[in-house]
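Heads up, the chain below is alone and in the form predicted on its own; it's given as structure tokens.
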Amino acid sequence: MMRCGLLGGAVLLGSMAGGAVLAQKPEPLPVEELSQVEALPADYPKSWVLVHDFHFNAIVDGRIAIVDTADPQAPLKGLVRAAQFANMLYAPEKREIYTSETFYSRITRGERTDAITIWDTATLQPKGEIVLPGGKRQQSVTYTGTFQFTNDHKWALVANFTPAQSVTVVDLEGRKVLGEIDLPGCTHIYPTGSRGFSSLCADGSMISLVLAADGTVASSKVIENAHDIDTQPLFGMPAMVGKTAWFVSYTGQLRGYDLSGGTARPLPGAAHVGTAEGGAPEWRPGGWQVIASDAAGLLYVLMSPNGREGSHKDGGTEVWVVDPVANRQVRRIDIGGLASSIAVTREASPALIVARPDGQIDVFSAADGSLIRKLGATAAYNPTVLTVVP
């Protein structure tokens, strides 16, 4: 009994002592200085690629991976957060990255905020933001045509969908919204001329708009029968050769549009990626970012042998290189498995960058198609859009 009493007393004393300790005001901990903080070069080398990881398993936690495709040991150089259904633009001359993104006050619900976040390319820290009004920014899987520059990278154009379609004009230098342009029945933004854009429309036409200095529409023109939406629907993300946008259709037709003037000009005729034996049933383009270009003007198209109605997003196993001016196939590159997106760097010896559905990124020679290196997942769960350093 006495032993129990002593034990009980010990517990009580311990509790009292603990209470006394808790009653004391804790001393603040000293600020811990990080032993090493590094910055990236503000001007990215041409071997670097910005990989938009949509992150399907956690869409609110998208990111932009900055990847050195020439570094086999440590290709991942940094990450920029790109929140829910984000889009990305890279302005090397300003040493800035822009993400248009959406936030909710309770992460997945609550008050909605759409914004453009401005990131420093060296520190990867945010240096400002521009709040977009109306809660109407288009939330979709990443397309390049939903967030674009115009006016020499001074302005950004943001696609909206409510489901009414419109475009918000944003002054990036002034950090302010200039206005909104209704765009019924037309979608995607393709910078046109010095200060304007074009869009593809559901009736097969194309519309080009020239913007005034205040961001309003100065003039517009509709180009009838600009694309065959019924028999040759186009993938929405083109490859740029100078000011010419090259699109590829679901069946492999190539269509070029000169965007150098105030009004888009469809190039006469149509080229074709080509055909080959071994298709089951036939070779067709397939994937997400399916067409890319190199500095010489050649086009690279991701192709699947299992082409059929509805296969346009299945991915591809070969990349076919085409000269669109001569309308001839230059070579075929076997990429050793399924891929969803491709890009070509602007290095002296350009590399073909291949992103696979499992997040793996491989690097091939664009000249002869040989495998240069495998970079692994490189912090990308779902690489969708690849942006090369110009």
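Note that this is a predicted model, so its numbers are computed, not measured. Quick note: we count residues from 1 along the sequence shown, nothing fancier.
The form predicted together with a further copy of the same chain is left out here; the points below concern that form.
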>> Contact with a further copy of the same chain in the predicted complex for Ala58, defined as at least one heavy atom pair within 4.5 Å: yes or no?
In response: yes
> So in the predicted complex, does any heavy atom of Trp155 sit within 4.5 Å of a further copy of the same chain?
Replying inline: no
>> I'd like to check something about Glu282: if you look in the predicted complex, is any of its heavy atoms closer than or equal to 4.5 Å to a heavy atom of a further copy of the same chain?
In response: no
>> Is Arg106 part of the interface with a further copy of the same chain in the predicted complex - any heavy atom within 4.5 Å?
In response: yes
>> Does a further copy of the same chain, in the predicted complex, lie within 4.5 angstroms of each residue among Arg81, Trp119 and Pro126, using heavy atoms as the measure?
In response: yes
> Though a further copy of the same chain is not shown, can you say which of Thr216, Thr113, Ser220, Ser194 has a heavy atom within 4.5 Å of it in the predicted complex?
Replying inline: Thr113
> Can you pick the stretch from 261-269, 289-297, 98-106, 167-175 whose heavy atoms fall within 4.5 Å of a further copy of the same chain in the predicted complex?
Replying inline: 98-106
>> Using a 4.5 Å heavy atom cutoff, which residues in 270-309 contact a further copy of the same chain in the predicted complex? It's fine if the answer is none.
In response: none
